[in-house]
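Just the one chain here, the form predicted on its own, laid out as structure tokens.
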Amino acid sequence: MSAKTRSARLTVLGLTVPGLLGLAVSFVLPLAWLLRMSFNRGDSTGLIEETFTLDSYAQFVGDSYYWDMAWETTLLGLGVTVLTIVVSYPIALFLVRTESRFKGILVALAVAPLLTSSVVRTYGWLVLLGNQGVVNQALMGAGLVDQPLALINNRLGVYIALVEIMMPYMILCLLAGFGRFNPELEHAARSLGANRWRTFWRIVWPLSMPGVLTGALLVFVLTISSFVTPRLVGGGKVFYLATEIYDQATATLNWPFAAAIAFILLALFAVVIVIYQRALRRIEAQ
């Protein structure tokens, strides 16, 4: 091995080790502690018996209430992901196609909500969707409804707020996905007689699929792990796995059960990532 090669390897190792140590301390070790906690036995008094048991996992699997909660969490992730794609895709496509000199400003405005905390945006939606909020007041002022609609303290409000919160992430992923899009392909399809609809489905949509899948993965994972928005907009009446983890850890003080639910949620993440990887390979192969 030459001195140059050895020096290059030492440089790479020196740059990698600090990051690996930081990852181990901030992620791997806490995750290992959480896994160990999930095998302990807890009770409603907050006492934790250090043992090795699957009682927490058995409690989750054996109770249909938690199965329903897991199903509702999955539906929330899927629903918010689909709706976010529907509302974000036209915006991203416009930003890619526009030749305006203000394109940079428009892109910045599209992702500007990321500069604001999701907590602040969630409280903003509470103001907008409340009984005395802008939306209900506008509907009643226009004579479309006689009384305020129930837009918060339910699943509808949670969906609305989460879609808006997730839109900047989806737009960024779509913009990255459109990097492989060549407008000349669209012009060629139109010159060969394809209409706009056929051109979109045969040219634009397939080329943007890597960005769509990446955005879908990111939005799904962030949605099902979201706690603040379902808690605040749901008003404590809407329950998902993330909110249940919080309740078990802080209200009932059953840390082992909270840890078990957290790992079940992590398993759901793993399943989604596997599906994403297979779908991405299939698209790349085509």
Partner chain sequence: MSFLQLDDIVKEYPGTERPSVADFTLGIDQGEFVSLLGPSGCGKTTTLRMIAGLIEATSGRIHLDGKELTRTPVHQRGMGLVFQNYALFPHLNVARNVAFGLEMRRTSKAEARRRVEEALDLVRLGHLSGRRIKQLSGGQQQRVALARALVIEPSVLLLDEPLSNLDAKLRDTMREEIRSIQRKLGITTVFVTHDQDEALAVSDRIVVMSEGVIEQVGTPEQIYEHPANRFVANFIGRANLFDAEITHTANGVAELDVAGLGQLRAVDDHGAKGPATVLVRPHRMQLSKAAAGDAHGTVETVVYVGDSIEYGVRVGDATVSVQSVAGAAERLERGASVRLSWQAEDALVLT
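Nothing here was measured: the structure is a model prediction, and the numbers come from that model. Numbering follows the first chain given and starts at 1.
One more form of this protein should be noted, the form predicted together with the partner chain, which is absent from this view; the next part is about it.
Between the partner chain and the residues M167, I203, L76, C173, the one pair within 4.5 Å by heavy atoms in the model of the complex involves I203. Put simply, of L126, L93, A194, V87 only one has a heavy atom within 4.5 Å of the partner chain in the model of the complex, and it is A194.
Relative to the partner chain in the model of the complex, residues R121, K237 and D247 are all farther than 4.5 Å at every heavy atom. Only one of 206-214, 131-139, 147-155, 76-84 lies within 4.5 Å of the partner chain in the model of the complex by heavy atoms, and it is 206-214. With a 4.5 Å cutoff on heavy atoms, K103 does not count as touching the partner chain in the model of the complex; it lies far away.
Contact between A188 and the partner chain in the model of the complex is found at the 4.5 Å heavy atom cutoff. Taking non-hydrogen atoms only, T116 never approaches the partner chain to within 4.5 angstroms in the model of the complex. In the model of the complex, no heavy atom of T98 sits within 4.5 Å of the partner chain.
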